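Given next, in structure tokens, is a single chain: the form predicted on its own.
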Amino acid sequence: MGIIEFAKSPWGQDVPIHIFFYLIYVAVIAGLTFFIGHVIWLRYFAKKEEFADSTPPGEVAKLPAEIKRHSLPARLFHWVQAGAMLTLLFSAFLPKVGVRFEWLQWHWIAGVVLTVSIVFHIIHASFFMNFWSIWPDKIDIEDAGRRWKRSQGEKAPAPRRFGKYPMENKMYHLAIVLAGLSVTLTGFFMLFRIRTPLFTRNSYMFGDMTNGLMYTLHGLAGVGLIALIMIHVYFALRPEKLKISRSMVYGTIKREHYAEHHDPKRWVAEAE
């Protein structure tokens, strides 16, 4: 079994047309395998989290009881994006596993909603938020090395507390950005091949090879998103992560959690 299905063009050229859809099951199994592996890691191998420094109790008492983490526009973007992505995945892959319905209209509408929400988020993050807070910096990379050495039983300094986002959040964000932009950009150009109120249909905008590569990348990014979203939901529902998940609803975290896990020098606390 391969990953990409090819077909012959009228000129005898081998052209990619889409992915093999057994990859849907591969993505689901990969997500489930990650869940099991992570639980085993936590149960038998993970060590208690330790940090190199802490905030004195007197300073903790001066912090706001509820510390702002996500603004209302950021939360709205998250939930709109979540709804659009789930609609896209269900409408794309349910017909491939035997669930028949008029999926195309739901799919392209959700794609447009996702595209608009991403454009909004880029503008909002660039001009109204700390754009670099979600990207790994030198301290994150150094501390990741420290954590790895300590997990292997080697001597290494304790890692420092996080900025606004832990390293694993930043790496997940990078993965979801790559998959999300791949599926969005290819989906935008694929809109020209169907009838919508947005554009005049033009099936010949690109050649067979270009269209095939777009469909293939679109499918690969889509099945990748299945596993990524499964992992995201898994962590969001883990008991120790509920304090963070709560902030995507209410916008804040408790000062005790902030003081324990976050460095005030890297992420300055603000009241809601």
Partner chain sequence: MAVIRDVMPAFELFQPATIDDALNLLDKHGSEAWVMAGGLDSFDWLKDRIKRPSVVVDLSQIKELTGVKEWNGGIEIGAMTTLTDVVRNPIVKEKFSILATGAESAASPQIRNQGTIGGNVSQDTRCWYYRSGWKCYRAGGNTCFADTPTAINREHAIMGASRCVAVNPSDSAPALIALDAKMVIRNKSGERVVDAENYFIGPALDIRRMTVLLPGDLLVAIRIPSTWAGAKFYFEKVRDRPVWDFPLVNIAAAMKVNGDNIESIRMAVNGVAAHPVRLTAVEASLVGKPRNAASADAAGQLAIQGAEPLRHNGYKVPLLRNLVKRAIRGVEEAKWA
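Note that the structure is a prediction, hence the values are computed from the model and not measured. Numbering follows the first chain given and starts at 1.
Absent from the display: the form predicted together with its partner chain. The rest refers to it.
- When contacts are judged by a 4.5 Å heavy atom cut-off, Trp103 counts as touching its partner chain in the predicted complex.
- Although the partner is absent here, Arg201 lies within 4.5 Å of its partner chain in the predicted complex, judged by heavy atoms.
- Among residues of the shown chain, Gly224 is not one whose heavy atoms approach its partner chain to within 4.5 Å in the predicted complex.
- Taking the partner from the other structure, its partner chain in the predicted complex has no heavy atom within 4.5 Å of any heavy atom of Ile3.
- From the list 239 to 247, 201 to 209, 226 to 234, 59 to 67, the contact stretch for its partner chain in the predicted complex under a 4.5 Å heavy atom rule is 201 to 209.
- For the marked spot (Ala7, Arg193 and Tyr215), a heavy atom within 4.5 Å of its partner chain in the predicted complex is present in each of the three residues.
- Residues of 26 to 49 are not found to place any heavy atom within 4.5 Å of its partner chain in the predicted complex.
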